[in-house]
Structures are given as structure tokens and as C-alpha cells.
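Shown below, as C-alpha cells, is a lone chain in the form predicted on its own; questions about how it binds or moves come after it.
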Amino acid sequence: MEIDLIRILCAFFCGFGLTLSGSLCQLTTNNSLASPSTLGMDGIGVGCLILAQTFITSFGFSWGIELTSLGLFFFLFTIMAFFLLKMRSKRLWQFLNLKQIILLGLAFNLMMGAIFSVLQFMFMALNYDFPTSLWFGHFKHAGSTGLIVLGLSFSFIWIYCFRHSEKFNFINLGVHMAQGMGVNVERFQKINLLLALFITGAIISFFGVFSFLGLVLPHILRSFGIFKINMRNEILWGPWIGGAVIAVVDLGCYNFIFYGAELPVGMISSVIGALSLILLSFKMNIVRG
């Protein structure tokens, strides 16, 4: 069995970030359907990938698609963070309820997927390079740059979550309970969702799209009692488990070559995650019944 240490670490931090971003979305909004995929965050990352490839093709940027996409995303993220943190409202969801936001997020992701497919066809027809392989996340081109960016940024975000971990339990008890315990709920929600967006954009820029893993991994964690009854445990220790899972799955993909081609870990993990979610749904229905 061959082992590429940098690749394993990149896969670990990717799984770490996917789990953390999913938990941040779900625990912050107190909604089990919230995730980077359902809130439209994946679509923003894909949009930056598309713009990066367009700029590289049109203007000949020499940074490469990963750093170009990350630069575009960080620029957009900074603008969004400025306006969101400055915005004053009684509630974060003042204009739309969460179900409407999830519906809009899914629609936005589908629209970006359609644009991705159309541009892929056009670039191929014109014999231009297009990052087709990034539609399913993989670590074939994992390197020290991605490892440093993800490792450092995700570590700082996890430290932030560690310092504020008790607030997630308060949020789970209700907004009024959290406010009574001294939590600035609105600002806490905004910061957490911005962190989830940053994690999602950074992962997509370097390694592509891992569809719905941010939704599935937290649900798998909560099937175990230690995470189900304590949101603090999920936000602190869940990412380490998610990182280990993705690293193991990628190690299998790296060492199993199918007719000369390596299966994208994003494709395999999405299938496993979807099946796990279906089994968990059946299990919950049986328990309730």
C-alpha cells in the first residue's frame, strides 16, 4: 500500500472542514437541513472556480486555478462579511424564513451546476482547458500550499469554536435561553455562518466539490449518543472523526486504480454518505414507530 503523507493530511483537513462547516450551519440555525450545500455556499465556491478558469484562459494568469479561485473567493467573502456584520436587524432571517433560504440555496447550487456544465461544453468545443475533474472533489494534485492554507485556517477556526463551544448548547435550547445566558445570538449566528462559508470556499478552491458531505457527516455523528446529547462534543471532536473518515476513504481511492483511472474520493464519499443518511432515516423512523 502506497502512502502520500501530504495527500493524507490534505484529505484529513478537508474532512475536518466539511464536518465543521456542516455542524456550524446546523447548530447555529438549529435546523438539521442546513448545510453548505443547502444554503448555497457550494454554489459560491463553484462560481469562483468558474471565474478563475475564465480569467486564466482569457488573461493568462500564472497563479494557477487554485490560488486564483481562492483570491476571488476571499475578495467576495470579505465584502459579504463586511455587509453582513454591519447589517442591523432583529433577526438574522428578517426577510426570509430558513426554509425559503434553503430552497433558494439549493436553487442557486443547481444554477451554478448548470452554468458549470454549459461552460465545460463551450471550453471543450474551443479546445480550452476546463477544471472538469473538480466537480467531484479529489486530492490528485494535493500539495503543500493547500495543506498550509487549510491546516492553518481550519486550526484557528477550531480554536474559536473551542473557546465558544458552550454557546452551541445554549443555542440548541432556544434563542431566548441563549440570550438569557448572555449570548449575542445574532452576531454569533453571523460569525458562524461566515466561518462555514470560508471553510467551504477554501476546500472547493483547492480540491473541488464534495456534495452534501457537510449535511451528512454531522447527522452520522449524531447517531452516536455522545454527540446527540451534547452539541459541544460535536463541534469540538466531530471534525477530527470526519477528517479521519475522508482520509481513510481517499487512501483507498489512491491505492485502488480502476482500469488505469483513480476514482474521485468526492464521488465515493458522496455515495457512502447518501446511503448512510438513508439508513439513518430508516433507523429514526423505526425508533419513533
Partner chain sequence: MANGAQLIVNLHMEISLSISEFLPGWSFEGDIKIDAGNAILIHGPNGVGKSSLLQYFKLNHKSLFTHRVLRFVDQPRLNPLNDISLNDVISQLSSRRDPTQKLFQEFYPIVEDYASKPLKDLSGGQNQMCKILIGIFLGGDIYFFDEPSQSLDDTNIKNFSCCLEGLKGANKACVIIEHQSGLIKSLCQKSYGMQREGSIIKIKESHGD
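Since the model is a prediction, treat every value here as computed from it, not as a measurement. Positions refer to the first chain, counted from 1.
This next part talks about the form predicted together with its partner chain, which is not shown.
Candidate site formed by Thr54, Ser58 and Val118: none of these residues places a non-hydrogen atom within 4.5 angstroms of its partner chain in the predicted bound form. Considering its partner chain in the predicted bound form, the lone stretch of 101-109, 69-77, 190-198, 162-170 in range is 162-170 [heavy atom distance within 4.5 Å]. Using a 4.5 angstroms limit between non-hydrogen atoms, Thr145 is distant from its partner chain in the predicted bound form.
Proximity of Leu27 to its partner chain in the predicted bound form: non-hydrogen atoms within 4.5 Å are present. Within 4.5 Å of any heavy atom of its partner chain in the predicted bound form lies no heavy atom of Ile44. Shown alone here, Ser155 lies farther than 4.5 Å from its partner chain in the predicted bound form, counting heavy atoms only. Note on contacts: among Met122, Met181, Leu85, Ala114, the single residue with a heavy atom within 4.5 Å of its partner chain in the predicted bound form is Met181. Shown without its partner, the chain has Arg222, Phe227, Lys228, Ile229, Asn230, Met231 in segment 216-253 as residues with a non-hydrogen atom within 4.5 angstroms of its partner chain in the predicted bound form.
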